[in-house]
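Shown below, as structure tokens, is a lone chain in the form predicted on its own; questions about how it binds or moves come after it.
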Amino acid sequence: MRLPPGVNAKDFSDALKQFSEAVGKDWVFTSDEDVNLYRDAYSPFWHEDEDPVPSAAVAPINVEQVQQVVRIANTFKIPIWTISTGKNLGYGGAAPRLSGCMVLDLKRMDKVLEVNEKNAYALVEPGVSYFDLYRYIQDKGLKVWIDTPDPGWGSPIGNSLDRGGGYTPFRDHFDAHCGMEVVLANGEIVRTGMGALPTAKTWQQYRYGFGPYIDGMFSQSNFGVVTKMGFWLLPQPEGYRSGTVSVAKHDDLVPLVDTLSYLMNSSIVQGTTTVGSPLLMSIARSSGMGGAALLTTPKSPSIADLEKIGQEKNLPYWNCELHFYGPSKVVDAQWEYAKEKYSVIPGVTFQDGQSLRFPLSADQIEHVPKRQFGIPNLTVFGMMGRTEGHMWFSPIIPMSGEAVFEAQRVFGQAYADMGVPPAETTFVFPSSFFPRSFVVLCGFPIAHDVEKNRKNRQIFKRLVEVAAQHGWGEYRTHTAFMDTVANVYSYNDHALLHFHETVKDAVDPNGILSPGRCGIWPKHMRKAKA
């Protein structure tokens, strides 16, 4: 059995006994077979010593047991790594940042505590999955929607704390939360917002409460263990419709995105929109160049040549699909208004998409893009030819055509400088998972090949540096690169990181909660990681 760092065998044995007394011996996992389930299924360190391996895992069933676990861990100074369901594939899964951590697995805390249809909110525990919450709503016939990411098997709490995104008007998951219950490192329970009022009746309706707003301190951090969380839901709309806008010229991307930005900022277009290129995608498929066809590299065809190919094949250079939710008359009018705004672009074309009225029939559900309607699914695993695994490089860029061109050029040049073969390059067009910005995703395959994984780690780190040089930072990252990403947020000699460390020292002086998460290390580990 692997020991937690800085903990001797006797103390760990005594702690495991106390954990068993707190949660029941069946819910303390120490065998290699059990512990291996908490390793990263998509680890970029497969077959290397750096692959993080937990020492054990403990699974409490309620907040009182979480308090006991945290207090025991504090007594013996055992670092614990908190997970909700551990489904964060591509970003580290259930594995800790540091080998030897004990995983605090909250999967048994799986109660949907409340779903309020009138005020459109839910209160859940960390072990509740998107599937669980969706089924609860469907079983009770409630007319509210959740928002789900790809895939839908994870935890709303876990995903929102990692600031994940989805597809409906409530796609910014942390922004859609309202109220938390948090167990601090000393075992004390805190409720945020209106939850600090013992008789609160608006905990999930007004997020701020009184005094400093601290909820953000518990997202992408290691300052506490979130055991309950509220979410705002979308009242089931009367209707939905979609439509695709296509433009023929390379430079048409600028007005295409400028208009998209206006429509989104005006809440006319409401769901996640991806800017695509039928032309470049066709070239990628036919040439076997992978994502390199989507980037601007030193060997890329000229813009004039690409536009000529598009004209010959009757393929638009750029397009985007717009999504509208609301009263039927309103969504129809919004689509007409969007077409009016886009009509100033010469040669623009429009294609009507789906026009639906809710609720959907079972047959309709089988033939619609489920994620656009808050229906969790696992279809993403059938996409992109995934085999052994992947990890994501995911920087945020401005929502502008100029920024997209710059990203294509900068990342294309970076790949070329590193000698990455075109077939191994992945670049996904920008998506509006969050208001007023784009996320650009670059996927990296994970294989049972040490040299290949080492090379991909080097490429990943270089892309983080290149992005930062151009003013772009990642919004989340795999545990393997948390220090790398945190390091480029370096304004004023890393003042933000120093503030995070000051908070860490104050609320968790023994440094037991998820050491290293998002680059925040406890004081006694900082020099070793410097």
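Start at 1 and count along the sequence shown; that's the residue number. Predicted model only: the values in this text are computed from it and were never measured.
Below, we turn to the form predicted in complex with a small molecule, even though it does not appear here.
- Contact with the small molecule in the model of the complex, defined as a heavy atom within 4.5 Å, holds for exactly one of D252, D258, D150, E238, namely D150.
- This chain is drawn without the small molecule; in the model of the complex, the residue among W232, W392, Y134, F358 with a heavy atom within 4.5 Å of it is W392.
- Using a 4.5 Å cut-off to the small molecule in the model of the complex, not one of F76, G100 and V507 places a heavy atom inside that distance.
- Under a 4.5 angstroms non-hydrogen atom cutoff, the small molecule in the model of the complex has K87 among its neighbouring residues.
- Though the partner is left out of this view, Y475 does reach within 4.5 Å of the small molecule in the model of the complex, counting heavy atoms only.
- Although the partner is absent from this view, Y91 contacts the small molecule in the model of the complex, with a non-hydrogen atom inside 4.5 angstroms.
- F427 falls outside the set of residues with a heavy atom inside 4.5 Å of the small molecule in the model of the complex.
- Contact with the small molecule in the model of the complex, defined as any heavy atom within 4.5 Å, is confined among 192-200, 154-162, 455-463, 112-120 to 154-162.
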